[in-house]
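Quick heads-up: it's one chain on its own, the form predicted alone, in C-alpha cells.
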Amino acid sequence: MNKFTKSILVLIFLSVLYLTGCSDSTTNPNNPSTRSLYTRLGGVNAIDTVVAVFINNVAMDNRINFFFAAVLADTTGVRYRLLRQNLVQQICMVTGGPCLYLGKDMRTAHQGMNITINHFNALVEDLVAALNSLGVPQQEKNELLAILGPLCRDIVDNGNGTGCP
C-alpha cells in the first residue's frame, strides 16, 4: 500500500470517528464552549440588532453624538446604511463569523477627529447598554469587549491612544 492510499485511509477513519460522535467533546460544534462568539451572539441578524440599538444609543448620547451628526441626520441615507453595514461586518468578522469587513482601518477612519478616552468610554457604555437591553450574556459581552477594546489605541487622540489601557 503506497503513502497516498494510507493517507486517504487515515482521513476516512478520522472522518468516520468524527461523524459517529467519537470525537473529543472539546471539538464538538454543539458544545457551547467551542462555538464561536459569532454563533453564541446569534449570528448576523442578532449582531445587526445590537448595532441598530447601539447606533440609537449613540444618537441619544450628547457626549458623542456630534461625531455622528451628519450620518445620523438621515437614517435612510447612504452614509447611515454604510456605517451600520460596516459595524455589522466588523463585529461579525472579529467574532468568527463569515463576514468580511471592507471599511477603513480604525486609525485611518478616526484620524483628525480628536477623540479622547472619555469619548471612547462613552461609546463603550452605549455598546454595553445595547448588549444589556438585548439580554446578551455576561461571558459574550466580556469576550466582545475584549476583542474591541484594543481598538482604543487606534481611535483615541489621533491614533496615539492617550489614556487607553
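It should be emphasised that the depicted structure is a prediction, and the values quoted were computed from it without experimental measurement. Note that residue numbering begins at 1 and tracks the sequence as displayed.
Here the subject shifts to the form predicted together with a small molecule, a form of this protein not shown in this document.
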When the small molecule is placed as it is in the predicted complex, are 67, 123 and 151 each within 4.5 Å of it, taking any non-hydrogen atom of the residue?
yes
So, in the predicted complex, is residue 96 in contact with the small molecule at a 4.5 angstroms heavy atom limit?
-> no
Check your understanding: Does residue 51 reach the small molecule in the predicted complex, with heavy atoms at most 4.5 Å apart?
Key -> no
My question is simply whether residue 110 lines the interface with the small molecule in the predicted complex - judged by any non-hydrogen atom within 4.5 Å. yes
Practice task
Answer yes if any heavy atom of residue 43 is within 4.5 Å of a heavy atom of the small molecule in the predicted complex; otherwise answer no.
Solution key: no
Students should find that, of 55, 47, 106, 136, the residue having a non-hydrogen atom no more than 4.5 angstroms from the small molecule in the predicted complex is 106
